[in-house]
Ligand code: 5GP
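Only one chain is given next, in structure tokens, and it is the form predicted alone.
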């Protein structure tokens, strides 16, 4: 979508801190935890209600979160998803908040 900020960021390599074939991760601009990243599908998908839980994209999102945890030596994290505006979703492009208290390695 032309006016979707996450679709634009998918094509902005300097904003991306990690990615795989179907998803990418960026820093949240308004963090609510010491480590607050967004894990976002590259394909524009409005919300969790529009994705098949068994899809390659959903698997890629989960795999990217696991990779972030391993790469940055994060012992535990939360992966939150707000669904639609009534559920607190502010950007209508599916994304997950990766939240952690600390890391043994800097997230560049």
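The model shown is predicted, which means the values in this text are computed figures rather than measured ones. Residue numbers count along the first chain shown, from 1.
The discussion below concerns the form predicted together with guanosine-5'-monophosphate, not included here.
Residue-level contacts in the model of the complex: of 27, 78, 44, 63, one residue has a heavy atom within 4.5 Å of guanosine-5'-monophosphate, and it is 27.
Proximity to guanosine-5'-monophosphate in the model of the complex, defined as a heavy atom within 4.5 Å, holds among 74, 48, 58, 38 only for 38. Under a 4.5 angstroms non-hydrogen atom cutoff, guanosine-5'-monophosphate in the model of the complex lacks residue 69 among its neighbouring residues. Mapping the unseen interface onto this chain, residue 91 counts among the residues with a heavy atom inside 4.5 Å of guanosine-5'-monophosphate in the model of the complex. Heavy atoms of residue 5 reach within 4.5 Å of guanosine-5'-monophosphate in the model of the complex, making it an interface residue. Taking the partner from elsewhere, residue 100 is found to have every heavy atom lying beyond 4.5 Å of guanosine-5'-monophosphate in the model of the complex.
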